[in-house]
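Have a look below at one chain only, the form predicted on its own, in structure tokens format.
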């Protein structure tokens, strides 16, 4: 019988690539998405829509999960990334980041408490900003740090049932709006000095899902940026 994995934020970008990868590996994939869903239909794919910043939508999503069967893995990938300067309402700005990055993983994890298969695994996608925050994105950084702390707490709580680990991505995949000057500056602050692509995160997820001896681990997948230097917080993203 094939394994089942839940991936949040799976409608596009990294989440979409992760969902496609695990479908190719023969998994049953439950793909959560917010508004955009670029995934093609597949007999092993179940798509669930929810705005994780909306408490009622989150509750509805959580109520659906136990009815889908037993789960072998979860990747908490859903994210929002808004600079503080763009916030028109500071309270709403922080609440949005906290709900997506901390509350949603907590509610989803609780919803799955009775449907974990033996030797299940959870991966939380944090950020190197969780340890070296950027003042331009204080709400995002605080929320990602909260997600990381939540994951390590769950590694303790779920010990013996679910292995829980964290991935801290760095400059993995540039967006179309990132110009050449920005890309060169970011890569200059990396030991590897190359755009790694989403494949680097897929490799890390594969390893953590399979590594029976690892729980409570924080893995940096950043090309060495964390130790290369402290990035310049003033350049424009």
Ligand SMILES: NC(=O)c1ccc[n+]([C@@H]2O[C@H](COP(=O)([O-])OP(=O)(O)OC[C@H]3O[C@@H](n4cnc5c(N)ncnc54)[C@H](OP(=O)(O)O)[C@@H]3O)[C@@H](O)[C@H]2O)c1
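Residue numbers count along the first chain shown, from 1. Quantities reported herein were computed from a predicted structural model and do not represent experimental measurements.
What comes next is about the form predicted together with the ligand, which does not appear here.
In the predicted bound form, residue 23 stays away from the ligand, with no heavy atom inside 4.5 Å. With a 4.5 Å cutoff on heavy atoms, residue 151 does not count as touching the ligand in the predicted bound form; it lies far away. In the predicted bound form, residue 223 stays away from the ligand, with no heavy atom inside 4.5 Å.
Using a 4.5 angstroms threshold between heavy atoms, residue 40 stays clear of the ligand in the predicted bound form. Contact check for 12, 51 and 171: all three have a heavy atom within 4.5 Å of the ligand in the predicted bound form. Site annotation in the predicted bound form: the residue of 142, 120, 78, 107 reaching within 4.5 Å of the ligand with a heavy atom is 78. Across the options 130-138, 85-93, 110-118, 163-171, residues that bring heavy atoms within 4.5 Å of the ligand in the predicted bound form belong to 163-171. The partner is not shown here, but in the predicted bound form the stretch 22-39 reaches within 4.5 angstroms of the ligand through a heavy atom at 32, 34, 35, 36.
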